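Take a look at this one chain, the form predicted on its own, written out in structure tokens.
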């Protein structure tokens, strides 16, 4: 029997054993493609078609084709532009804070320090927590009566989340706390890839820390730092969970929260689909700008 098997070609031998390589590939690829079509492609196409109708999921009435009316109404609504302005401010504060904190932590951890592995693991904990849990956790911390933040800062009964001017910063601080470890991880990978001989050459030339950082460290880490900024910008635009839990102020109504209210509280399904595509176009445009800068940074 073994002699017969060795005289057969590989595919025939595999077929004789059970499944051929092609069958095994199909076994994994076909379900994956089916999954992508059902849960990604179909909702995209369906929501795009819905964006051109006055469909409301809360009623059984027939939907009517309205063309670009939903898009025109959204783009002429000053409240929508206010949501975009709030979100842009939130994204700038949040991503800038994450880059500074994350990169700073990476610079510290790139040195030989005791318990480095344990410290790194502890710093990653916020990133592993559910955003809803983080929102509830920080709501307690911000509480003016028994929250420890006011106690340590000596702010008395200061209302972080009830103050319209401060609420957005309070939400952004939570996002910075939660996602700075992500920037730290990518920055650590970039810092560990910088050739050591460059620092040795700079030391021989008696270059100062300022010169070494801006002429060696930062240019070489910039591409991977830019990738972190791209990821965090896209995610910050979609922030919903902890922002929705933390504050109900109009000044913290990000576009994801406005989209949720439009789709599931006001049941304007067609309008919210159009809104989602406007947000998608904005995020894709901003990402493309980042990618251009990333390519330039790589070319240097």
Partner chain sequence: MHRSFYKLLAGAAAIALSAPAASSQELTIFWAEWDPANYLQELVNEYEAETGVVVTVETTPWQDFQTKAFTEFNAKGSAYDMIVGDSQWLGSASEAGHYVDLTEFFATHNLTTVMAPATVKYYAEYPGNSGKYWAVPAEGDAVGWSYRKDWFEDPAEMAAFKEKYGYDLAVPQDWAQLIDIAEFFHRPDENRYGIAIYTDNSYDGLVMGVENALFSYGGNLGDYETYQVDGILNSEASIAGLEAYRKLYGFTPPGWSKTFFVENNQAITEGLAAMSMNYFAFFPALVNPATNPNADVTGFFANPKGPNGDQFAALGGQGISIVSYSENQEESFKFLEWFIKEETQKRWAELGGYTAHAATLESEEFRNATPYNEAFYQTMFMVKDFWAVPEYAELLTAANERIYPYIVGGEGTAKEVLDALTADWEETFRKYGRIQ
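Positions refer to the first chain, counted from 1. The structure displayed is predicted, hence computed values, not measured ones.
This next part talks about the form predicted together with the partner chain, which is not shown.
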{"query": "4.5 Å heavy atom contact, residue 275 to the partner chain in the predicted bound form", "finding": "no"}
{"query": "Non-hydrogen atom contact residue 253 with the partner chain in the predicted bound form at 4.5 angstroms", "finding": "yes"}
{"query": "Distance check, residue 32 to the partner chain in the predicted bound form, heavy atom within 4.5 Å", "finding": "no"}
{"query": "Close approach of residue 69 to the partner chain in the predicted bound form, 4.5 Å, heavy atom", "finding": "no"}
{"query": "Non-hydrogen atom within 4.5 Å of the partner chain in the predicted bound form for each of 28, 96 and 232", "finding": "no"}
{"query": "Proximity to the partner chain in the predicted bound form (heavy atom, within 4.5 Å), stretch among 216-224, 152-160, 197-205, 124-132", "finding": "152-160"}
{"query": "Heavy atom contacts to the partner chain in the predicted bound form at 4.5 Å, residues of 47-73 in sequence order", "finding": "55, 56, 57, 58, 59, 60, 73"}
